[in-house]
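Only one chain is shown below, in structure tokens, and it's the form predicted alone.
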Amino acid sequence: MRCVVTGGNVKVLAKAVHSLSRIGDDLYVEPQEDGLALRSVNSSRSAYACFLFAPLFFSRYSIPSDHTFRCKMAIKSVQAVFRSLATLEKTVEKCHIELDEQKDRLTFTLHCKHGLLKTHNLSFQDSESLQAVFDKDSCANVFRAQSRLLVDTVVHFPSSLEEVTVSVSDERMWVRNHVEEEAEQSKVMLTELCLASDEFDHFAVKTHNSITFCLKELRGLLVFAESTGLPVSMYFDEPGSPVVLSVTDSVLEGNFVLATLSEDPSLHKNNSKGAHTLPPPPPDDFMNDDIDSYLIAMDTSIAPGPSTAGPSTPPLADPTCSKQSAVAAHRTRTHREEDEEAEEDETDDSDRPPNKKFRSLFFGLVLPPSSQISTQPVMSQEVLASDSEDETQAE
């Protein structure tokens, strides 16, 4: 086998290898008549990815005709060949991939500028053909969008998020983070984005379904699609059946087949019932304020009137009351002045109910609990009543 990649296609090949590294730890290499196939699968066999590079992708492509060659190798060793993606296109002019059957090595030779050669001899193991069975053309729901749209969508999710849920209707697609059933709802942050059908290049929905799959593999495909400028297609049927993410060009094709969570009818029924019995959100502090008690407390405490608290005054007496009574005894105001001030207070208080209500509404958000607020004004007003009574008796 001998393949030669030149120009910008070297970077495309490197991006494909890095995208496959998001799937599994091994890279399966299989040269075929219709092109070079690079595949990977994760350890749980729930995610599979394949890139097929057509012979036209290479400036030279030849494979042995007498026998079939298949191998697998550690994908990290291949990543090391294309380590610096930022400078790869500027420094590497072409890449030779050649099989050395005598040494059982797969050789990657990078021809860099100024005649510099970088050679990597990678060991491999013989393997069987790795192929996932799927038929994306038979899927009921088919979408195609520019990679930029999907990149801008998934960027809102944290890198630690494992799974996302995609729901579709006739005119909308919703993408949100997946929340486990046993998770405590009050401690979970839910992020959801809605995409309209006119944002897609192709939007065909036959069944309204919701599927949940891993986000890590989707990010891997988007890295490749964004660098190449290729649109991303999505194919799926119902929960439990695989979702296929695909990028296609005239010289290459990439398919990511991801498992989705199956839908348990009993859980779905419980969830539908639970959706109607969810507890209402806790009201804010303003709604928790006992406004009526505040108004009653302020009305009864501020409004002046004849002193009728004579019998109840002694139990409320304390050192503060005696001090205030002593101070009141030295006042030189006359009875008439006190009556006039009392009448003015009544006149002012009669104009204040709107202001008192506003203050109770406002301070109810920042004051201590209502039990403390409602008792403190009453205490202070009863003490003042006691002072006036003692002053009257003193005179």
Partner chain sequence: MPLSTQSQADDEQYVLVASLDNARNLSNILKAITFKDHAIFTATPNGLKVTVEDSKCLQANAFIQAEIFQEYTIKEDLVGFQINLTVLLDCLNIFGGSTVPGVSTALRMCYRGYGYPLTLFLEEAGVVTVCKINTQEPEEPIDFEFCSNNVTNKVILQSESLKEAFSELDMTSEVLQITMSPSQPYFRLSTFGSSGNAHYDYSKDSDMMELFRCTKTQTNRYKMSLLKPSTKALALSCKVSVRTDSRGFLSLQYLVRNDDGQICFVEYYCCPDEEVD
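Everything numeric here is computed off the predicted structure, so don't read it as measured data. Residue numbers count along the first chain shown, from 1.
Below: the form predicted together with the partner chain, not depicted.
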H120: touches the partner chain in the predicted complex, heavy atom cutoff 4.5 angstroms: yes
Partner contact for L116 in the predicted complex: the partner chain, 4.5 angstroms, heavy atom: yes
Close approach of R105 to the partner chain in the predicted complex, 4.5 Å, heavy atom: yes
Touches the partner chain in the predicted complex: S246 (any heavy atom, 4.5 Å): no
Stretch from 191-199, 135-143, 79-87, 160-168 whose residues place a heavy atom within 4.5 Å of the partner chain in the predicted complex: 79-87
Proximity to the partner chain in the predicted complex, single hit among N209, S241, S227, T91 (heavy atom within 4.5 Å): T91
